[in-house]
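First comes one chain, alone, set out as structure tokens in the form predicted on its own.
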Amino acid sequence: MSNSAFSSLPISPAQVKNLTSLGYKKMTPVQAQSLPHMLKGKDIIAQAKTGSGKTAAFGIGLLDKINPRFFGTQALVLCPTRELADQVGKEIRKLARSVPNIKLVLLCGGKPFGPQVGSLEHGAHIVVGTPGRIQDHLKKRTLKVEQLNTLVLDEADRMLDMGFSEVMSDIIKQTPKSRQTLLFSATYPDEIKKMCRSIQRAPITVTVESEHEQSVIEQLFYQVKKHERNNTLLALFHHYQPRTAVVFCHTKAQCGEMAEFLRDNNIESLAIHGDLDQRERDQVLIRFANNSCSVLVATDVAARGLDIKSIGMVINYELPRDPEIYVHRIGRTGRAGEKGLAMSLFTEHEQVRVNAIEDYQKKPCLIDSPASLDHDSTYKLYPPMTTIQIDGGRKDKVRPGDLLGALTGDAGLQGAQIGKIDIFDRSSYVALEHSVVRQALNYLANGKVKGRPAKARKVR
């Protein structure tokens, strides 16, 4: 029996069967290294990046200890952003199919408080949420964690970066000392080490190789003068002509400026940063994930938890000070067996950051000249799809099949003209080929979804 087989773990046959049905063929390195210890109740410190399978690792671990007959909170997962909490919640719900009657509640900011209280009153085995909202519920005693047996801190480094240190400390103090604590972090700075010493008991440390093979991700660095950054950024798009890209900037203001600059130069772009409200953040991420936006301009914190399977190119408009952050950024390209491109701009006084990346990756950085990049005055980058928003969502019992049925039935669209469908509590988003957007909106202006009128509009 291979050690990477889920059946080699002391988990139920029903869970092994469920994992097979979900397409989990064998354990990823982080799962193989952490799960045997997790299932024995050990505390874990795992340094692993997004896309390493860490959610399934702690999801399988925490589900193994849940008693379905006790409707108290037995597992609590803290995430830095609502987007990541949403993803984690969906993943755990899939993993929980093998255990009957498991209830998971999502507690995030940007959502009404009242309905969350109602959900908690009916009991919850697992709570996933953001630190601020979790703390609010603990203060109001609408969430009780006295019976907690598993605490998960997902992307702990970002929660600290976002200023949640005191909030996290306050939450952790209210949990039982006998709990199991699982900490996952892409980077492992001193602040994380200090936190681990204060909240964990003899933790097992798991480190998954976070570097990327040169053959998978082509990394190139371009030394520029400060005033040359924008033109070199454009030249990178003209030369490589990616279908999708993420441009990393340091500040919120930079993100907005760069997205506008790219749009002015026929490259359809959206910015994502901390000043957007939750609805705006949701819509930006939905449009990027469903091919209605080609380029995302983001800060590190705003892009955290970004789960897009195929990103053609990552561009560092400026290099981060921490080489681990650099490696984490470029890991968003070159996934799912595809080659990736990671391009970085730096000025002479930022050479020290290039040196730090060389030391961290234990290999020289390839430095190219901006003069080598081709300029194509005819180049344009526009997305192949448009997103429409439809009133009605999960709380209205709307499912993807209902929308697909309405659009391919009475509306007369072909299935191939319809892209990704995202269902939220009270609204749904559908990606459509440009040519059929007007046809779909005309139908929805008078037609029905699931027997009810459904207003729809284009997301801009």
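Predicted model, so just to flag it, every value in this text is computed and none were measured. Numbering starts at 1 and runs along the sequence shown.
FYI, the form predicted in complex with a small molecule isn't displayed, but the following is about it.
| said: Quick one: 317, 326 and 344 and the small molecule in the predicted complex, is every residue within 4.5 Å by at least one heavy atom? | reply: Spot residues vs the small molecule: no contact at all.
| 4.5 Å heavy atom contact, residue 239 to the small molecule in the predicted complex | Contact with the small molecule, no.
| field | Partner contact for residue 94 in the predicted complex: the small molecule, 4.5 angstroms, heavy atom | value | Close contact exists here: in the predicted complex, residue 94 approaches the small molecule to within 4.5 Å, heavy atoms only.
| said: in the predicted complex, does residue 408 come within 4.5 Å of the small molecule, counting heavy atoms only? | reply: Residue 408: no contact with the small molecule in the predicted complex.
| message | I'd like to check something about residue 28: if you look in the predicted complex, is any of its heavy atoms closer than or equal to 4.5 Å to a heavy atom of the small molecule? | response | Because a heavy atom of residue 28 falls inside 4.5 Å of the small molecule in the predicted complex, the answer is yes.
| task | Answer with one of 400, 51, 393, 36: the residue that has a non-hydrogen atom within 4.5 Å of the small molecule in the predicted complex. | result | Contact residue from the list: 51.
| task | Mind telling me which stretch in 417-425, 65-73, 52-60, 37-45 gets its heavy atoms within 4.5 Å of the small molecule in the predicted complex? | result | Only one stretch qualifies here: 52-60.
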